[in-house]
Ligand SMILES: O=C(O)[C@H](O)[C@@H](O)[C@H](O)[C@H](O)COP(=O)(O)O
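One chain comes next, on its own, written as structure tokens: the form predicted alone.
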């Protein structure tokens, strides 16, 4: 696991554009190396802005989208098509406008899906889907080139919340009941799964994120502040705007 690095951008719009450009380059590099690419998406306002920015980049057409696997880090356990689902947001912002192979798009189950309204069954089903896509010799999860995460005001990532029982779940995917943030029922990759990604990008904008970002980079405990427990295998990158970076030590900042 690598030490984290930090890139700070002037405002949320420039942050979204910079992350979009990084994502396209990362997908192209992965395809040049392996013939395909795999990305794990997140939700939230800044994520939607990133996806829209990708769609506006001329370089997006250099990506062979038919050879991109799309996964999600967490999901609200709501009916398919619900506007609050991360999948719905990502499809509207980007996925429906690029020529993806539908078989390589892997949304987390909806509450009206095959697992019904049982989030534990939904989580187990997604874990089986991950295992089915894993490379030989790795029976748990596939290779993730880049996994993107938002950071909550409380330091949560995906749907791993501070002090929540999900911290004690070592399975690849966990059901979340009693989420402190609505809706109360969700599914999420667990921290051990998140930390298998080649690169993990933590993306945050706004002054309300500054305290959590600063504490995470200062070495807070992962149970109390889940963002502090995230590490990519080859790279851990914090992508911030100036407001979110207000509590980051100057020595860690790379202003863009």
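Remember, predicted model here, so these are calculated numbers, not experimental data. Positions refer to the first chain, counted from 1.
Below: the form predicted together with this ligand, not depicted.
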Indicate whether residue 52 is a 4.5 Å heavy atom neighbour of this ligand in the predicted complex. no
Can residue 177 be called a contact residue for this ligand in the predicted complex at 4.5 Å between heavy atoms? no
Using heavy atoms and a 4.5 Å limit, would one call residue 88 a contact residue for this ligand in the predicted complex? no
Decide whether residue 164 counts as a contact residue for this ligand in the predicted complex under a heavy atom distance cut-off of 4.5 Å. no
Listed residue that, although this ligand is not shown, lies within 4.5 Å of it in the predicted complex (heavy atoms), from 197, 230, 212, 46: 46
Just one of 171, 143, 181, 104 has a heavy atom within 4.5 Å of this ligand in the predicted complex. Which one? 181
Could you tell me which of 96-104, 127-135, 68-76, 111-119 sits within 4.5 Å of this ligand in the predicted complex, going by non-hydrogen atoms? 68-76
